[in-house]
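Here we start with a single chain on its own, the form predicted alone, put down as structure tokens.
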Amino acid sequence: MAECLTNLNLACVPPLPDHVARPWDAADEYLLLETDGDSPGLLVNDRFGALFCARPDWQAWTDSDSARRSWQANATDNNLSWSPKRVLNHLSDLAPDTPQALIKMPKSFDQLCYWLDQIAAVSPDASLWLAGMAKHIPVSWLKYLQTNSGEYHQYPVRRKARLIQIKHWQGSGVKRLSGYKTQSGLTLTGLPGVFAREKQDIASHLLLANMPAATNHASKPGAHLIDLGCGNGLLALSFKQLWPDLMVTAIDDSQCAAESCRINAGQNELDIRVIHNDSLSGLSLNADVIVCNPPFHDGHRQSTDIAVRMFRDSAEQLVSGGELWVIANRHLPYFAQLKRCFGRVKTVASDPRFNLFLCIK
């Protein structure tokens, strides 16, 4: 069954550099080799659509809008039908009698347990197959999965990939929402897997301490600010709190992040727009200010490609003279990338770990 991947025309969408551009790994092949493709099932967290194309009759779910776009592109390139009915909006939409689910391991163990809790709540007898590269799966994860499963089988490591089959998941007790309170009085929560869901990230302190006094556009009447890669909405809601007349749009590729941001906007009674979207793809928003704390990991893969796309998208969406504010780890080579997209770039503030850049269109 694994050979079917080499017979498919698969690509990373959006494109990645050649040295990281393989759209599947040995864990995908292991899943296909050991599971029954003739029975119906669910695919979870398939990043580029390799499993989605290999099992064209199965349903699938992912947190990522970018991944869904990749599924569609790869299905189209392989002359496979692209039906929205195959793509679940939430894991709770799963059919109760689904016999099996194939899950690519995420980076966050709380997120994995949250997915298992949701699937088991709907289809408690489903056989759950978990796969990932062995170096990314700590022994503590394996012990926890074994302790909390009625049945547990760990397959031998094959081509550096690990495969686990469990049944009758007994629940993890992971909190659906976990959060904190900011110094300005915002109450913020986040779903499992959302960046900085339990405490404010360090980088945001530098941005919030320096940007409000330095921005030329955010406080003007009718201004529009976009929080690109909003996470739980910390920046979007902080600026809406500071400038109540500011129109704010929060955007994240993660469905759980977008849902967390909506929850936080409601509980803090702040009126902002929240969009689940891959960067600014397909949108036309005309922003005066964009703030961005870009990720430099795509799952376990470290990459600056996501951030660079955010910078390019921002340059297109900003009005003339508009501002892009970027907070980033100092070791990342973003200054040169920003200079390619913007006429004026300067470092506004820095500390031992982070730089804050202001870019003017």
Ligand SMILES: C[S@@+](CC[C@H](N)C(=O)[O-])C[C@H]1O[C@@H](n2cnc3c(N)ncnc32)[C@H](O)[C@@H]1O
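Keep in mind it's a predicted model, so treat the numbers as computed, not measured. Don't overthink the numbering: it's just position in the shown sequence, from 1.
Another form, the form predicted in complex with this ligand, is not on view; read the next lines as being about it.
Look at 228 to 236, 259 to 267, 104 to 112, 153 to 161: in the model of the complex, residues with non-hydrogen atoms within 4.5 angstroms of this ligand sit in 228 to 236. Proximity to this ligand in the model of the complex holds for none of Asn286, Arg312 and Gly321, with the criterion being a heavy atom within 4.5 Å. Remark: Asp125 does not count among the residues lining this ligand in the model of the complex, judged by a heavy atom distance of 4.5 Å or less. Using a 4.5 angstroms limit between non-hydrogen atoms, Asn45 is distant from this ligand in the model of the complex. This ligand is not drawn, but in the model of the complex it has a heavy atom within 4.5 Å of Ile306. Proximity of Asp271 to this ligand in the model of the complex: non-hydrogen atoms within 4.5 Å are absent; the residue sits far from the partner. Of the residues Gln100, Thr249, Asn277, Gln72, just one reaches this ligand in the model of the complex with a heavy atom at 4.5 Å or closer; this is Asn277.
The contact with this ligand in the model of the complex, taken as any heavy atom within 4.5 Å, belongs to Phe195 out of Phe195, Trp243, Trp169, Trp141. Residues Asn293, Pro294, Pro295 are the members of 289 to 305 with a non-hydrogen atom no more than 4.5 angstroms from this ligand in the model of the complex.
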